[in-house]
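Before any questions on how it binds or moves, here is one chain, the form predicted alone, in structure tokens.
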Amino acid sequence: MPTVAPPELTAPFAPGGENAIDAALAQRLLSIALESGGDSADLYFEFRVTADYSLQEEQVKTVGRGVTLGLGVRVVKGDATGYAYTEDLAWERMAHAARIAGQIATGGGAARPVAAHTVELPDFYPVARPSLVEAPADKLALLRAADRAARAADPRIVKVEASFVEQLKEILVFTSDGTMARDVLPLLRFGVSAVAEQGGKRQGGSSGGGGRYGLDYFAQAEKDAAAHGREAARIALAMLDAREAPAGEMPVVLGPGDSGILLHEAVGHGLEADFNRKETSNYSGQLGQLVASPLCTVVDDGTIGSSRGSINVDDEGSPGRRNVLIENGILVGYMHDRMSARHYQRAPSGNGRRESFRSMPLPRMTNTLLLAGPHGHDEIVASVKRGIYARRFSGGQVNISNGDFVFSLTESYLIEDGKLTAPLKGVNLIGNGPEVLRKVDMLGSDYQLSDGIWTCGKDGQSVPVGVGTPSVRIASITVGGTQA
């Protein structure tokens, strides 16, 4: 069943609303946007309701709710783009935004918008009842369940925080080439952090997840609130015994799931077409060439059911797609929005995304994945004499132009004689994304999609994304630590 916004959450521009936006009104706005001679134009209407809840030290700290509404107008002339937005959907304000965006174009014959036709879309996140319509008490009960489970795990757990953020976004897109697309996007994110203390040492752990679900997310095995609380406590307790990280060049095994964030940051951004069009990516001009180990196939897939990064349609009206980027080590494609697709004479790949109506769309990832390989997880670990097992990641820094990165690990272990031994703290992985992919010499059959926690930033805009990977052995990588 497709996601349907309840009446109390329906956008003012939705069909049947008091100020419904129809194709005729949109065509008038597009005509105004193009009257100065633009090549193309599009309209992006957005209505968003968000709510957030947080619990600290067993007390409710935050309960909030917000609503945003607006229209963004883009006009393209050659390689130049004009953009304007309004938070007021009165005709005069919308027409003014269209004229302002159109000022990028001066002279030349004005293009005429094509009559709109509705794009038939799949539904990758059917939610019969969005979480936003459920009682706030139900969400606070989830936070309390996580808190109790974390504290019950061990007396050494001294601090717990839990949060729940939800939203329902409705978008309506019109383009001057005749596209009309509407979507309703649910999204929730749940998180727990715990602190363990023993003998004057304190260590933290966290767990979380979510995606494009209703509260039915918490009915899934190992994804209920209490399970996240226990997992946060487990990590915090394990890290109490953590050693200082070793340093130097050594093999690294990336665990399945969350390790995909390294792929996303160190490789994925370099495959976004705008960086390649500007020749600022390490992958510029590399189409058809071997850029990774032949074991590696990388895809960006916006069609995964209920995943945080999935989209039925992108923010330019192009349907979500599964795009192969690297196939058996060969670079075969980039991620495109309409601008880059025109430059490369390709069809848009469904990667034109924006943070809100206040922002222009850019080529952005959805769910970026390294597909499974032929090796077993235990086989991969057993192959390492001495190295690092990376299970969970925190922040990182990446240079898009060359792929150089530094990533910090929040959960990692020493591998000695083919077995996981001591937990480690202070581990940083230092390397280069393309070089790391070339050094992949074993790839697991245990692919996992990371649970829905990731948000990607680019040019000041943030969008929800997903990542996934199997276990990966990297022959050598620089590990930043404290001892040789």
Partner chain sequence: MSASVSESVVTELVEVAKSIVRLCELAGADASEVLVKDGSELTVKVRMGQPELVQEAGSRAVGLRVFKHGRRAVTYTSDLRRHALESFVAESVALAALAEPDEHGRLPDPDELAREVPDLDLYDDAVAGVDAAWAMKQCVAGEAAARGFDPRVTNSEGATWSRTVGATAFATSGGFAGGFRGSYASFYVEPLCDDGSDPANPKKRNGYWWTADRFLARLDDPEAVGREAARRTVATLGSRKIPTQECAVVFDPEVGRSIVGTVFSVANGSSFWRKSTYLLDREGTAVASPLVTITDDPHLPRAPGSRPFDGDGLPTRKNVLVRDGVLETVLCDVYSARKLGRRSTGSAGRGIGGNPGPTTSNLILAAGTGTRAALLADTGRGLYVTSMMGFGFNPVTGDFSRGAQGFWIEAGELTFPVSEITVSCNFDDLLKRIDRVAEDLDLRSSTACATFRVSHMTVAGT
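Every value quoted in this text rests on a predicted model; they were computed, and no experiment measured them. Residue numbers count along the first chain shown, from 1.
Keep in mind that the form predicted in complex with the partner chain is not shown, yet the notes after this line are about it.
**Q** Name the stretch: of 23-31, 37-45, 425-433, 442-450, exactly one has residues whose heavy atoms fall within 4.5 Å of the partner chain in the predicted complex.
**A** That would be stretch 425-433.
**Q** Just one of Leu414, Leu185, Ala84, Val298 has a heavy atom within 4.5 angstroms of the partner chain in the predicted complex, so which one?
**A** Looking at the other structure, the residue within range turns out to be Ala84.
**Q** Would you mind picking the one in Glu161, Asp258, Glu316, Glu170 that has a heavy atom within 4.5 Å of the partner chain in the predicted complex?
**A** Contact with the partner chain in the predicted complex is made by Glu161 alone.
**Q** Taking 4.5 angstroms as the cut-off for heavy atoms, does Leu237 touch the partner chain in the predicted complex?
**A** Close contact is absent here: in the predicted complex, Leu237 is far from the partner chain, nothing within 4.5 Å, heavy atoms only.
**Q** Quick check on Leu69: any heavy atom within 4.5 Å of the partner chain in the predicted complex?
**A** Yes.
**Q** At the 4.5 Å heavy atom threshold, is Arg148 in contact with the partner chain in the predicted complex?
**A** Arg148: no, not in contact with the partner chain in the predicted complex.
**Q** Can you check whether Ala247 is within 4.5 Å of the partner chain in the predicted complex, heavy atom basis?
**A** Yes - in the predicted complex, heavy atoms of Ala247 and the partner chain come within 4.5 Å of each other.
**Q** Need the contact residues for 35-71: heavy atom within 4.5 Å of the partner chain in the predicted complex, sequence order, or none if there are none.
**A** Thr50, Tyr53, Gln56, Glu57, Glu58, Gln59, Val60, Lys61, Thr62, Val63, Gly64, Arg65, Gly66, Val67, Thr68, Leu69, in sequence order.
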